[in-house]
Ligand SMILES: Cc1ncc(COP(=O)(O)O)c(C=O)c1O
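Only one chain is shown below, in structure tokens, and it's the form predicted alone.
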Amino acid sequence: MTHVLHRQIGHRYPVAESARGIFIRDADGKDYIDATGGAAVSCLGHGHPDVIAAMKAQLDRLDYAHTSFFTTRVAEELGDDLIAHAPKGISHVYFVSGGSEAVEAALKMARQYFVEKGEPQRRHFIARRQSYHGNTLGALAVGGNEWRRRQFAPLLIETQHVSPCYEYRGKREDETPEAYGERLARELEAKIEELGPDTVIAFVAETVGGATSGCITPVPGYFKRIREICDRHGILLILDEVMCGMGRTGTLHACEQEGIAPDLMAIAKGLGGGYAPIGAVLVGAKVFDAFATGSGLFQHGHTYLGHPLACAAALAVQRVIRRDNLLAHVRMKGQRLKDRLRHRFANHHHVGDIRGRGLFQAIELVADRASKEPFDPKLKVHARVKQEAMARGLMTYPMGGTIDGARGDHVMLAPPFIVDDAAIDAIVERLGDAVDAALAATS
């Protein structure tokens, strides 16, 4: 009997009792390798002493101060830290409590930017199919996760969607990756022309696709063309790096590897490493300047903006990442994870693609490898894999609807940045066994 409305009613969840490093232990004493950091959150693993000490010290000084009355030293320090390492052109940071809030705030900032500039006719957001930007209504509207959107569609603002950069399924055999990216860029430009360039607010995209599509990476040159198109039409570029950012792909910001900078960027998850709920919008100077020289405010707000405890946790997490050179570790261990996945699954009859960057990797499961035909959605292969993995003491992030919201299955891995070789080997071994057991149960 539970009075908690759990995500899945009727499912019996194990009780998480304690955690240390990359392991979570349940109330029965069983250990699980947290191979996804929850939802790509626990970048330092669990129970890091430096972060816990920083949080305790902050509570001894100040627990809470509402941002309509005060700023706090720790929020200012975190803001300075983030801007010192931000992409070019980013000048300010706006703190929230998570990824959906960050995306929601970014959308409102983008709209207000054009109002402040005297262009109130701009009303369209363009995003990509098979994307995920959060569960609040604005974020859900720009997101392209069809099954999440479906029942709430009458409540969502009108948005436009173009094709994702999904090389495994979208690139034609006669195309180079660069030509495929150019085709996608032309599709975006055609959509802008269709709507009218002076009616479009922003293009919204995950730099590396997250849970909906399973770590799909952009082809070379894609985002440079997107940036050029946005600039030419005076449209803002909003990047969602809630899941793929803050070191997950091997650089602090995933867009560094694309050679571009956004106008607004949503971050969360790895920002605070799960020690406290925190997210943020990194704000470009031109957006901030429009507010500063216009109304003098951003018309938005939440009760827990810049919460001192969350800011203290995030600041400690970021300092540990730099001190321990963990971004280099992510790149090195990410390559080992990819290599081990390829060794285990490269010749697997039901693994069609292995993809990702850094410690952000996924496999896509298929019924037929030659044709790329997905499994029947009724089989719920992704759910079977999760069940089999949990039975083996492994936390994975499987998802269905990879292709179009209904068809397709993938399994995502996003282990903590502190993962070592032995743990990577154990993760892949247990995942391989779980996939094989799940598929055997479908036959």
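These numbers were taken from a predicted model, which means no experiment stands behind them. Don't overthink the numbering: it's just position in the shown sequence, from 1.
A second form of this protein, the form predicted in complex with this ligand, is not displayed here; the remarks below concern that form.
Undergrad: I need the one stretch from 234-242, 75-83, 284-292, 189-197 whose residues put non-hydrogen atoms within 4.5 angstroms of this ligand in the model of the complex.
TA: After filtering at 4.5 Å, what remains is 234-242.
Undergrad: Looking at Gly98, Gly356, Gly250, Pro218, which has any heavy atom no more than 4.5 Å from this ligand in the model of the complex?
TA: Exactly one residue meets the criterion: Gly98.
Undergrad: Answer with one of Phe125, Tyr94, Tyr275, Tyr132: the residue that has a non-hydrogen atom within 4.5 Å of this ligand in the model of the complex.
TA: In short, Tyr132.
Undergrad: Counting only non-hydrogen atoms and a 4.5 angstroms cut-off, does His307 reach this ligand in the model of the complex?
TA: Contact with this ligand, no.
Undergrad: Is any part of 258-274 within 4.5 angstroms of this ligand in the model of the complex by a non-hydrogen atom, and which residues would that be?
TA: Only Lys269 sits within 4.5 Å of the partner.
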